[in-house]
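Have a look below at one chain only, the form predicted alone, in structure tokens format.
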Amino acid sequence: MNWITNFVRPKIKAFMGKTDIPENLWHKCPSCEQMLFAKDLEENLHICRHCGHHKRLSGKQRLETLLDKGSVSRFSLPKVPLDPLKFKDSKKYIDRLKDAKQKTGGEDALIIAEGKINELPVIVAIFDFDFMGGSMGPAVGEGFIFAARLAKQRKTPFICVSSSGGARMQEGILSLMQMARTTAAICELKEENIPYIVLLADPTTGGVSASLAMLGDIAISEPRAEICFTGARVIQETIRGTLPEGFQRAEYLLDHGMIDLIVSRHELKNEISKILRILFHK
């Protein structure tokens, strides 16, 4: 019998009392692995002060950091069949949807809202990666089309923040159809000369990157964001070769003309409002 472990330590703990320590008080940076105080991280827009890594934001956090405080008005997503294919793998798709809704508090992987960026009115469609990896199904497609047509109707700039793993496999061909449908909605904006600006956040991949995410009049990215169609590991195993350093990162895409700007989260609002003022001659 260990006298210190089994007798002395419990007595000391009982004497000192239980100390409640809040959960998630510290976060470890996934890039430099430094420990970051949660409050400090939040005040710095979830950017690591040591290495500048831009931590992924939820859809709600993105909405709060991008639009002016007090200007936000959200819209509900159009109603679509929840489980058209009755899909089931290790778990029923309908149950996965319920879990994702409970986790995020959202209707699906897209948030639609109107608001202002430095006093300039905009319509925004923001992907929420926390909702099933920001995957695009009919609900996301319908929501994006609704937002694009609202921007067209109001002659208001349309801004999309993409953060997605691609088309949602549980809805099969119905998900893939959203690539064409969202592209058609973007063409409607272009016909009316309505600016469509895309912010490619980490990660933007799959069918989303192959459609709506790469069709912006201006393509902006945050530093070091992963932007691709197929993951680097799959490509490397297929070609059996070594990929270039920084492959599929925002800086690599900028060097090769795939995006227009890389902007720190601190400067996003000012940069987007500056672009909009130029486009509208204000």
Partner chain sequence: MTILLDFEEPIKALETKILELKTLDSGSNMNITSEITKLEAKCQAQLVSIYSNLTPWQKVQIARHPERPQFLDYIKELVTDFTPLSGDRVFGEDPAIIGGLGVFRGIPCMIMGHQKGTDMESRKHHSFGMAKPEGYRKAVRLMDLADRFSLPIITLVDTAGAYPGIEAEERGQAEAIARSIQKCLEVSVPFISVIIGEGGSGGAIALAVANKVFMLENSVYSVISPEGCASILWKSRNNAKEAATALKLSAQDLFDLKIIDAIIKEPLGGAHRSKISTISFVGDEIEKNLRTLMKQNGETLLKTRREKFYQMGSL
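Residue numbers count along the first chain shown, from 1. All values derive from a computational prediction rather than experimental measurement. Between two forms, the rigid core is the largest collection of C-alphas that superpose within 1.5 Å.
Only in words, not in the display: the form predicted together with the partner chain, which the text now covers.
*Asks:* With the partner chain left out of view, choose which of L150, L97, L120, M177 has a non-hydrogen atom within 4.5 angstroms of it in the predicted bound form.
*Replies:* The residue from L150, L97, L120, M177 that makes the contact is M177.
*Asks:* Let me know the one among L63, L41, L254, M214 whose heavy atoms come within 4.5 Å of the partner chain in the predicted bound form, would you?
*Replies:* Of the candidates L63, L41, L254, M214, M214 is the one lying within 4.5 Å of the partner chain in the predicted bound form.
*Asks:* Thinking of A185, S209 and I239 as the candidate spot, does the partner chain come within 4.5 Å of a heavy atom on all of them in the predicted bound form?
*Replies:* Every residue of the spot touches the partner chain in the predicted bound form.
*Asks:* In the predicted bound form, does T230 have a heavy atom within 4.5 Å of the partner chain?
*Replies:* Result yes; T230 sits at the interface with the partner chain in the predicted bound form.
*Asks:* With the cut-off set at 4.5 Å between non-hydrogen atoms, does K79 touch the partner chain in the predicted bound form?
*Replies:* Output for K79 is yes: heavy atoms within 4.5 Å of the partner chain.
*Asks:* Might Q248 be said to contact the partner chain in the predicted bound form, defining contact as any heavy atom within 4.5 Å?
*Replies:* Although the partner chain is absent here, Q248 would touch it in the predicted bound form, with heavy atoms inside 4.5 Å.
*Asks:* So in the predicted bound form, does I235 come within 4.5 Å of the partner chain, heavy atom to heavy atom?
*Replies:* Residue-level check for I235: yes, a contact with the partner chain.
*Asks:* Pick from 165 to 173, 120 to 128, 98 to 106, 69 to 77: which stretch has non-hydrogen atoms within 4.5 Å of the partner chain in the predicted bound form?
*Replies:* Going through the listed ranges, the match is 165 to 173.
*Asks:* Counting only heavy atoms, which residues in 81 to 103 are within 4.5 Å of the partner chain in the predicted bound form?
*Replies:* Read in sequence order, the residues that approach the partner chain (within 4.5 Å, in the predicted bound form) are P81, L85, F87, K88, D89, S90.
*Asks:* By the 2 angstroms cut-off, has the C-alpha of G241 moved between this form and the one not shown once the rigid core is superposed?
*Replies:* It does shift by 2 Å or more.
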